[in-house]
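For this one, two forms of the same chain are given in structure tokens, first as structure 1 and then as structure 2.
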Structure 1
């Protein structure tokens, strides 16, 4: 159990580092997928199989496919790397780096002071997840649903075909 956790954790860590350092956007996304798969393994062995499956289905399977899709359409050439290098000036990355450093320190502190006894593994199945989703977190689920609905409507509005004006001779062909 522990060995699997550490393997998955190392894979996730290395893959995430590779995501940040890759020049090729598609390669970076592939490493991101590997990282997500590793995280889903961690979910699975820490007693959340449902979340693990959803992680693969939704994140690795659907959202990142769309990312790859979008990157493929953009057709980033060799020049995009150079332009990116110009964007990466110290004043752009210093503040986020400091913030993440603080978080890292906190994490290390928590890990060091962790007594290691209080965790008990319990498998949480789909039923429990759905009960808490539609029970205690009802409001959050509904709000998320409304947000997604707004997104769908917005996407429909943007993607809607403009009404075309046809000459009267061509109007019979309009609906074909």
Structure 2
């Protein structure tokens, strides 16, 4: 099981790096799906099969479909590639690199100081998850759904092509 965990972790890491470095948004989304599926495998191996299933259904399924629709509706042209190329310059990566280095140091510190004590794991069923989500956090879940829908509607309105309409007497007739 350890080898499967490490393979899934490497796949998730490489796919996530590919998400960040791709200029084509559709290719980045495909790598994001691979990354989320690898994380799902890690959850499954760690003893959380329900969370792994939620990862596949909610993130790799539903939310990424919304991303694909938003990209299709925005209809980004050739200029978007030039704008994204500016983001790949080294000066845009200084602060994220520093933050990542801080997190890496923290992770190394945790692994060095880990005493080997086993953590008690228990399987959490769907009933407990639903009571947790829709019990005290029902308003947050509903607001998140509304926020996602507002994002899709906003992407549609930003990306739709405006058609010019003329009065019927001003339109040119192609047959004449």
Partner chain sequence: MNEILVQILIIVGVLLGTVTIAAGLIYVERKMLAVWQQRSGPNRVGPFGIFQVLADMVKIFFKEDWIPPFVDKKVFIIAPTIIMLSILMSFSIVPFAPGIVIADLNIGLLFFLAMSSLGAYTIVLAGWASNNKYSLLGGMRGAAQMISYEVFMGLSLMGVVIQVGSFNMTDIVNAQKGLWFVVPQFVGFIIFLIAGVAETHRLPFDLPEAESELIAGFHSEYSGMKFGMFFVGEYLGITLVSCMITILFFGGWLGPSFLPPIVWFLIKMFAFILFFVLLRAALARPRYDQLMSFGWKLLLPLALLNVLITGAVVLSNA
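Please read all numbers here as calculations on a predicted model, not as lab measurements. Positions refer to the first chain, counted from 1. Under this definition, the rigid core comprises the largest set of C-alpha atoms superposing within 1.5 Å between the forms.
Only structure 2 of the pair represents the form predicted on its own. Superposed on the core, the two forms barely differ at residue 17: its CA moves less than 2 Å between the two structures. A movement of the C-alpha atom of residue 129 reaching 2 angstroms or beyond is seen between the two structures when the two forms are aligned on their rigid core. Core-aligned Cα shift between the two structures at residue 147: this is 8.6 Å.
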